[in-house]
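One chain is shown next in structure tokens, namely the form predicted on its own.
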């Protein structure tokens, strides 16, 4: 069964929950979601965690990018950009860029931040940059998803978002959850159609 990589980094759990909801949407369309995360890094950009996490999703390897037909990429917001551990992972994909191994694969992005105006949209946009350099096809969230027009919490046309609150303890709203599932469905639908056409 075709697999779609759901690659995320999560500090307080909200981005992980979003990844799980996106995976649910992916699997409802008949694909398999491959959940992966990345380890924390030190300020000198070295992985500082064990090679196998104690709990949760396994750490991503470059082969995950190559074996999957699409990628959903998620990170908490760090000053309007993706978190350093995720950036560190993508900085290590030069070999894939040289080979063009990700060209034409669909991808989407998702994020969580502490405040409504804490950089959700800029994080989603900057997360797209390495994907575009790899020649991937960006899949956003269209306004045909009615929750996008009615949400008073997270949600953008660039991809699902969540507002976790200043203590990072606000649960995902019903609209945020629905938008995550819808994004997973949309990514899987497009990826499966492209894969079938090859």
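Everything quoted here is computed from the prediction, not taken from an experiment. Positions refer to the first chain, counted from 1.
There is another form of this protein, the form predicted together with a small molecule, and it is not shown here; the text below is about that form.
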* Structure fact -> Picking from 139, 31, 164, 38, the single residue whose non-hydrogen atoms come within 4.5 angstroms of the small molecule in the predicted complex is 164
* Asked: Though only this chain appears here, would residue 168 touch the small molecule in the predicted complex if you measure heavy atom gaps against 4.5 Å?
  -> yes
* Asked: Quick one: is residue 15 in contact with the small molecule in the predicted complex, heavy atoms, 4.5 Å cut-off?
  -> yes
* Heavy atoms within 4.5 Å of the small molecule in the predicted complex: does residue 118 have any? -> yes
* Residue contact check: residue 11 to the small molecule in the predicted complex, 4.5 Å heavy atom -> yes
